[in-house]
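Single chain ahead, written as C-alpha cells, the form predicted alone.
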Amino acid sequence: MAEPSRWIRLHRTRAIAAKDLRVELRGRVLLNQVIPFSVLVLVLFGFAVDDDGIAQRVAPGLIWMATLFSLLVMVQRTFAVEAADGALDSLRVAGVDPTVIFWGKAMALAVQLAVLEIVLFAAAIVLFAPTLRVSGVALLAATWIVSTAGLALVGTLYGGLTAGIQGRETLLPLLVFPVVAPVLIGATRAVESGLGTTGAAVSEGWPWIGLLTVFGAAFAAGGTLAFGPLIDD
C-alpha cells in the first residue's frame, strides 16, 4: 500500500504546482510586473554605482538583491490568491497532506524564480558586461539550481506562516530577509567566482555551493515538518 500512496502524493504535488503555474500564466504577473520590477531594480542599482569597473564587480550581488525583492512580491501574491478564495483551507478540508501543499507550491515558486534569474543574469551581462568564463559555467549552473531551491523553500514556508496574519505585507520582509542572508552571501560569492569579477578562482566558489545545499536541505526538512502546523494555526 505504501507505493500507491507515494504515487498519489507525487501526483497531488505536481497538480498543486501546475495549478499555481496556470494561475501565473493567466495573470501574467511574472511577465508584466515582477520581471520589469526586478530589471528596474538592477538598472537603478547600476546607476547608483555609476562606475563601470565597480558595477562589474558588484553585478553578482545586484542580481541576487533584485531576486530577493522580487521573491517577496511573488510569495505575497501566491498566498494572497489562496487566502482570497479560501483555496488553502479547501485543500486542508479535502484532506490534502500539508507536506504535499508545501512541496507543490515550492515547486511552482522555484520555476518562476528560475525564469526570473535567467532574465536578470542576461540583463546583468548586457548592462555591466562581466566576463563569462567557460570554466565557470558549471559553477553558475549549480548556483542557479541550489539557490533557486533554497529561496523557493524559504518563501513558501514563511508565506504560509504569514498567509492569515494582518499586516503580512510588512511582516514577510522582516522574517525573510534575515533568514536568506546565507543565500545572498553564498550565491553572490559563487557567481563572483564563476564570472571572475573579483579575481576569484572558480574552485573558490564550490564551497559556497556546499553552504547553499545545506541551507536548502535544512529548509526542506523544516518546511516538511512545520508547514502543516503553521497553516493550521
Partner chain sequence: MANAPAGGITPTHDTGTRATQVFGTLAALGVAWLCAFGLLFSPADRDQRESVRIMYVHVPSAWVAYLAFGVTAVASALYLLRSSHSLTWDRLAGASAEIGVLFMGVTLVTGMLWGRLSWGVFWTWDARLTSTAFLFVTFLGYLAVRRLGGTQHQRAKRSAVLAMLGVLEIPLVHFSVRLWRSLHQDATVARIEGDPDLDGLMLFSLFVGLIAFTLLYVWLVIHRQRALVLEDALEAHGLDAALVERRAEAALQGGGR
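Note that the structure is a prediction, hence the values are computed from the model and not measured. Numbering follows the first chain given and starts at 1.
Beyond the structure shown, there is the form predicted together with the partner chain, which is absent from this document and is the topic of what follows.
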So in the predicted complex, is the partner chain close enough to V39 to count as touching (4.5 Å, heavy atoms)?
no
Do W64 and the partner chain come within 4.5 Å of each other in the predicted complex, heavy atoms counted?
no
Partner contact for I165 in the predicted complex: the partner chain, 4.5 angstroms, heavy atom
yes
Find out whether any non-hydrogen atom of G196 is located within 4.5 angstroms of the partner chain in the predicted complex, and reply yes or no.
no
203 to 211, 66 to 74, 25 to 33, 39 to 47: which one contacts the partner chain in the predicted complex at 4.5 Å, heavy atom to heavy atom?
203 to 211
Residue within 4.5 Å of the partner chain in the predicted complex by heavy atom, from L120, I101, L113, L157, is L157
What I'd like checked is whether V137, L139 and V191 together line the partner chain in the predicted complex, meaning each has a non-hydrogen atom within 4.5 Å of it.
no
Mind listing which residues of 116 to 152 have a heavy atom within 4.5 Å of the partner chain in the predicted complex?
none
